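Take a look at this single chain, the form predicted on its own, given in structure tokens.
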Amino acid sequence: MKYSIKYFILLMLALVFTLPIAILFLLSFSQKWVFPKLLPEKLTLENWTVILGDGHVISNSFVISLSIALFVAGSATILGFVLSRYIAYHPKRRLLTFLTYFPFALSPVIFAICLKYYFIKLGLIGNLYGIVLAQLIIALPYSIIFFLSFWNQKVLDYQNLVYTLGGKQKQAFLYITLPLAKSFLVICFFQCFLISWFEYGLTSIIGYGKISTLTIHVFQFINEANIFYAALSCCLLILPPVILLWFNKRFIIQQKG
């Protein structure tokens, strides 16, 4: 009896999480769905064929979003790893850590409005460089905060042991620090990628409507009441996170086990 209740609860949870995604995919293959009909009248591949064609605005925005997210995630992870070490062992660690939380004190939209004046002065409004910099302002502090827990006394003792045995700083980094930080680096990259991938507030204001990422188009289609293209864009939007989850389970978690 207990097992049947457990499986029923698990089944309900699975339905709760998968049903919205299933509806999105169903809508992405639909062209006509009139209330109160339970299912669409017409299912077709035409939406996917048109949007994934060469030069279509959605396919271009997908490539732009993917490029931005990969660059921001890689840059934030590397810079955050380096800067977090400096902050972790600094005498004024508490103050520097407190300042790192500042970008998260405001909502992304309000924060973007505060930054907009400086971006205009620097000529970074409405171009790709401005969006990348704006997203780095959010992703980099997160990366620093994430890595602060890694730089503990144990890591420092391992590094000092290498120096004591005659090793150099490069050897300590390659053979001690990097292997210990491998899982941290991968997880931080995933998280920073998701921060950039789903970012809307900063991108919409700093991009000034000239750089359209996939999240921008999702909201545009919703405002236009184009539910079929909006659903298709959402399917593309959730694709990279699903791949990252699979990669994390397949390679990271299994290797730890």
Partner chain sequence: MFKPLNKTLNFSILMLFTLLPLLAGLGYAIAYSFGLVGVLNKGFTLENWKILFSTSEVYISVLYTSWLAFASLSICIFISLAVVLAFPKKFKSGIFSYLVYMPLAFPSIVAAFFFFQFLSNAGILARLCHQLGIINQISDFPNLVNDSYHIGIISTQTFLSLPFFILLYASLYQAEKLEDYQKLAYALGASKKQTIFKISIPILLKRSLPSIIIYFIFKLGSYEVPLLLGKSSPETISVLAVRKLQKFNLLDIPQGYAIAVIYAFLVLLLLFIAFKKSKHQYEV
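All figures in this text were calculated on a predicted structure; none of them were measured in a lab. Positions refer to the first chain, counted from 1.
As for the form predicted in complex with the partner chain, it is not shown, yet the points below apply to it.
Visitor: Is it the case that Val16, Leu27 and Ala231 all touch the partner chain in the model of the complex, with a non-hydrogen atom of each within 4.5 angstroms?
Guide: Contact check passed for all of Val16, Leu27 and Ala231.
Visitor: Quick check on this chain: which one of Ile64, Ile227, Leu43, Val50 has a heavy atom within 4.5 Å of the partner chain in the model of the complex?
Guide: For this set of options, the contacting one is Ile227.
Visitor: Can Phe104 be called a contact residue for the partner chain in the model of the complex at 4.5 Å between heavy atoms?
Guide: Judged by the heavy-atom cut-off of 4.5 Å, Phe104 is in contact with the partner chain in the model of the complex.
Visitor: Mark Leu140 yes when one of its heavy atoms lies within 4.5 Å of a heavy atom of the partner chain in the model of the complex, and no otherwise.
Guide: Heavy-atom contact with the partner chain at 4.5 Å: present for Leu140.
Visitor: Might Ile211 be said to contact the partner chain in the model of the complex, defining contact as any heavy atom within 4.5 Å?
Guide: Ile211: no, not in contact with the partner chain in the model of the complex.
Visitor: So in the model of the complex, does Thr97 come within 4.5 Å of the partner chain, heavy atom to heavy atom?
Guide: Result yes; Thr97 sits at the interface with the partner chain in the model of the complex.
Visitor: Under the 4.5 Å heavy atom criterion, name the residues of 76-96 that approach the partner chain in the model of the complex, in sequence order.
Guide: Sequence-ordered list: Ile78, Leu79, Phe81, Val82, Leu83, Arg85, Tyr86, Ile87, Arg93, Arg94, Leu96.
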